[in-house]
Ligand SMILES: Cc1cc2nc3c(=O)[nH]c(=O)nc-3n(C[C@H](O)[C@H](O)[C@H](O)COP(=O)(O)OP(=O)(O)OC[C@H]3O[C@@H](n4cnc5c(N)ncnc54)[C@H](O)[C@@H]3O)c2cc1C
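Only one chain is shown below, in structure tokens, and it's the form predicted alone.
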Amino acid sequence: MGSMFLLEEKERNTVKQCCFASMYKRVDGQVMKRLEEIVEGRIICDPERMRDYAGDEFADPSIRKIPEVVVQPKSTEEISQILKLANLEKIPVTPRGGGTGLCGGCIPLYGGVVLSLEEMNSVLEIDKENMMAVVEAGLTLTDFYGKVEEAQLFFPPHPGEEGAQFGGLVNTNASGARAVKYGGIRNYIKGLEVVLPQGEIVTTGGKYMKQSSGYSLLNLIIGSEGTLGVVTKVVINLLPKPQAMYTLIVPYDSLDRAIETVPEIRNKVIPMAVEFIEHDVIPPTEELLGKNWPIKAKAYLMIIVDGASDEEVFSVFETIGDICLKHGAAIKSVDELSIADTPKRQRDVLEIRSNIYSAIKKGLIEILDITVPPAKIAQYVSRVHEISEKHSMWLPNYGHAGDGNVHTHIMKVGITDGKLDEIEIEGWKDKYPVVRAELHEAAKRFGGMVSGEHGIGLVKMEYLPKFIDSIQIKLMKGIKRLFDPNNVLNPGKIF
């Protein structure tokens, strides 16, 4: 196992699986035949091929579980028939998007059926008049961005991994770097088609900008991690394409100074994104991609600004530059600021930022996505540094400084001269659960929350009750029972 914590977690899940064993039926020959009839042969039952559907991008592979069968429906009606069959036979179903999650949300914990949406990947409509798009849940961000660009429109959210599919984005309420100005996925979802756990098909929301007509089932589904229904179609609000967009890199001699700059920036201007990055994670990412970060320092702010013209954006940069100088940026004048002013330079900078996780993953135990009030980010990160020094563990940080979302990485190796160490940190298996607990205690002390954008999934369940009171948990469980009385849809997640 990757850690003592995950060993204990796996043991708990084994007990849980045993407890539920009498509740669920295995996929037998008769059920397999019926599934094959529904999806017309789009079915995978070879164990080697099913390994790709056993988990997500969570660093420790030991929590992955191979399903009994993978089905690849092409329509909402096929999904409805699959769920009706699963309810009748009491077989668990785990919906799966691009598998880019980081908390075990698509692990088929009790075996059963993995419902892969990869074949439902079309852009059904780009409605320029209403500035809306309608897409299937299996569409990737990469393909969607291309279609939106062709239409000269703009979809602001950028969660980082462009292989993510819209069903997964909706179910985790993903956000990413651009949330400071534009918000997360929830702000752009205007309608959903959803198959409920017992097979009913419902449509909530539509191509309108506001409504006040009863409870918002739309917002209940968003962020529900595939436990309340299978999203099949998504209605997305689009925006006019910005006429100018540039990226600013500001160097600092300390991460604390960088982060302390952010509240004043937010009080004066509204950038599209404000990211903070410690330098330690840059060299391995440069090596992975064969690209160069434009400037060298101990820490950085990466600030993206958009506007109606170049003049407007550069005026904002001057304001930001003055604020950064005031807070100790490692430059002598605003003229020394590094600006990615061409599409290629912007892509290179954003690609390095987006691939830090991939570059250090081989030495990673777990990536956290704790979120705190933006004004408390400096205090939280200072506490992370104290914990790192106390336990002699490398805990690199980067994240969304503008909205308080911090990605602290708990590492089982250190780093020397820009390369991950080959030798693991002594005693990391014993240190990990202690460090993990102290990081979450710090988050709670500073008014934070366990997850800002990754979700709870399987690996963060123990921390949800520490941040959310028992009444809310009880309500959530009641909603789950109402939607899914037989507990067949993505069981064993969140709670």
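When you see a residue number, it is the position in the sequence shown, counting from 1. Keep in mind that what you see is a predicted model, and the values were worked out from it rather than measured.
One more form of this protein, predicted in complex with this ligand, exists but is not displayed; see below.
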**Complete:** Assert contact residue (this ligand, in the predicted bound form, non-hydrogen atom within 4.5 Å, options 402, 92, 167, 73) equals 167
**Request:** Scan 462, 57, 441, 52 and let me know which has any heavy atom within 4.5 Å of this ligand in the predicted bound form.
**Result:** 57
**Prompt:** Even though this ligand is not shown here, does residue 97 get within 4.5 Å of it in the predicted bound form, heavy atoms only?
**Reply:** yes
**Item:** Contact flag, residue 261 vs this ligand in the predicted bound form, heavy atom cut 4.5 Å
**Value:** no
**Request:** Mark residue 114 yes when one of its heavy atoms lies within 4.5 Å of a heavy atom of this ligand in the predicted bound form, and no otherwise.
**Result:** no
**Request:** Answer yes if any heavy atom of residue 271 is within 4.5 Å of a heavy atom of this ligand in the predicted bound form; otherwise answer no.
**Result:** no
**Request:** Tell me, please, which stretch of 301-309, 283-291, 341-349, 152-160 lies within 4.5 angstroms of this ligand in the predicted bound form when heavy atoms are compared?
**Result:** 152-160
**Request:** Any residue of 440-469 with a heavy atom within 4.5 Å of this ligand in the predicted bound form counts; write them all down in order.
**Result:** 453, 454
